[in-house]
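Only one chain comes next, encoded as structure tokens, the form predicted on its own.
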Amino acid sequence: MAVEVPLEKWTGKIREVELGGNGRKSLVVGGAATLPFLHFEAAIPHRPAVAMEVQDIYPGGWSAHLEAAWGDALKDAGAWARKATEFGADLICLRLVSAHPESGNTGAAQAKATVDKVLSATDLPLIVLGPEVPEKDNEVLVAASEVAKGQRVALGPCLEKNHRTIAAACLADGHVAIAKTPIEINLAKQLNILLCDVGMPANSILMDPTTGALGYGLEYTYSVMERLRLAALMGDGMTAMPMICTVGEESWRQKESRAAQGVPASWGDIERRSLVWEELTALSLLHSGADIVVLRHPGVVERVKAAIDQLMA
């Protein structure tokens, strides 16, 4: 006797958001009408994307083997972006670290110069992240928006405190807003509503639900992202935006990715351990609904993209 596999009949689907274009490579994320990788149930038209992080200054406090994987490219944002392109990134995620008041306090002029350099160095779609200080974000993200006009980059973080300013820049220059909220489903939905209320098209919003690394809140992040995805598939249009997770930043600041001395021998080799920490965090969040994961180590990019290939086959 044949057994019929029960299938969910969802009423909603994830919105499609396009990045890039206008002479730059374009990329579409979202569009799924089912939970991650359940191809037997409904359409999943676009594979999750892998972004690689680039910073506008030489990174401080990185593990020696993470720095070694990039070499001299870390000294220049343009060279770093070109190297990330060679390593197989789908997108470049540029962090304007120097704009933070405690890391240089640079302003609009520096942001414009760096964004222009990265845009010239690669034709991949671009994500630009400010220092997450609302006043500085307003300054440098508006400047980045102007220099990248028409390139449909993603700008963030767009917080409740400054969502009007970031949304206005995105609307004026044709960009995508990254709505970032603490790990909570109602806050994520509320910020999406606020952005739509000021005129942002729903297909020009990405959600950053805030990422926890393996062992540091990953299970809570997973749960919230899963609930956002379920709400969207059940027809809630204000939770149906694709999600982006800054996996590399979270994974590489944990002691398991950094500590080589004074830890149990059972923790194993530091280099292997740190890559596994980033890889498992990324794969877990992809299974919870992430549409873009931002990674740091080239070796992890290779592994995660190979896993996505298998999951999308």
Partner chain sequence: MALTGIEIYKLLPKTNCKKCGFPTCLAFAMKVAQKGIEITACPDLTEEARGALEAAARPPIRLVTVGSDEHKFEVGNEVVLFRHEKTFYHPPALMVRVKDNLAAEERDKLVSEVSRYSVERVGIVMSADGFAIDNDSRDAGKFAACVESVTSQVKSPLVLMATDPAAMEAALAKAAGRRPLIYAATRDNLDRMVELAKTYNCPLAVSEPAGLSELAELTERAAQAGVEDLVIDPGATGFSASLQVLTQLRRLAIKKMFQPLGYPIITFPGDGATSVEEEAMLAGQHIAKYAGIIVLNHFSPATLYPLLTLRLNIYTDPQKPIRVQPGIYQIGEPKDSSPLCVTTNFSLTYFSIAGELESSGFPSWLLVCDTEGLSVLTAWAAGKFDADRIAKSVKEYKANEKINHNSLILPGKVAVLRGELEEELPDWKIRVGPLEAMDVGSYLKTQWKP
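No experiment lies behind these values; they were computed from the predicted model shown. Residue numbers count along the first chain shown, from 1.
This protein has a second form, the form predicted together with the partner chain, left out of what is shown; the following refers to that one.
Review point. Which of these stretches, 107-115, 225-233, 148-156, 168-176, has heavy atoms within 4.5 Å of the partner chain in the model of the complex?
Key: Only one stretch qualifies here: 225-233.
Looking in the model of the complex, is the partner chain within 4.5 Å of a heavy atom from each of Leu35, Lys255 and Ser266?
Heavy-atom distance to the partner chain in the model of the complex: all three under 4.5 Å.
Identify, from the list Leu280, Ala69, Ile57, Leu27, the residue with a heavy atom within 4.5 Å of the partner chain in the model of the complex.
Among Leu280, Ala69, Ile57, Leu27, a heavy atom within 4.5 Å of the partner chain in the model of the complex occurs only for Leu280.
* Quick one: is Leu218 in contact with the partner chain in the model of the complex, heavy atoms, 4.5 Å cut-off? -> Taking the distances in the model of the complex, the answer for Leu218 is yes, it comes within 4.5 Å of the partner chain.
With heavy atoms only and a cut-off of 4.5 Å, decide whether Ser284 touches the partner chain in the model of the complex. Judged by the heavy-atom cut-off of 4.5 Å, Ser284 is in contact with the partner chain in the model of the complex.
- Task: Report yes if any heavy atom of Ala240 sits within 4.5 Å of a heavy atom of the partner chain in the model of the complex; otherwise report no.
- Result: Ala240: no contact with the partner chain in the model of the complex.
Q: Examine Leu214 and determine whether its closest non-hydrogen atom to the partner chain in the model of the complex is within 4.5 angstroms.
A: Leu214 belongs to the contact set for the partner chain.
* Can you name the residues of 132-157 that have a heavy atom within 4.5 Å of the partner chain in the model of the complex? -> Residue within 4.5 Å: Glu132 only.
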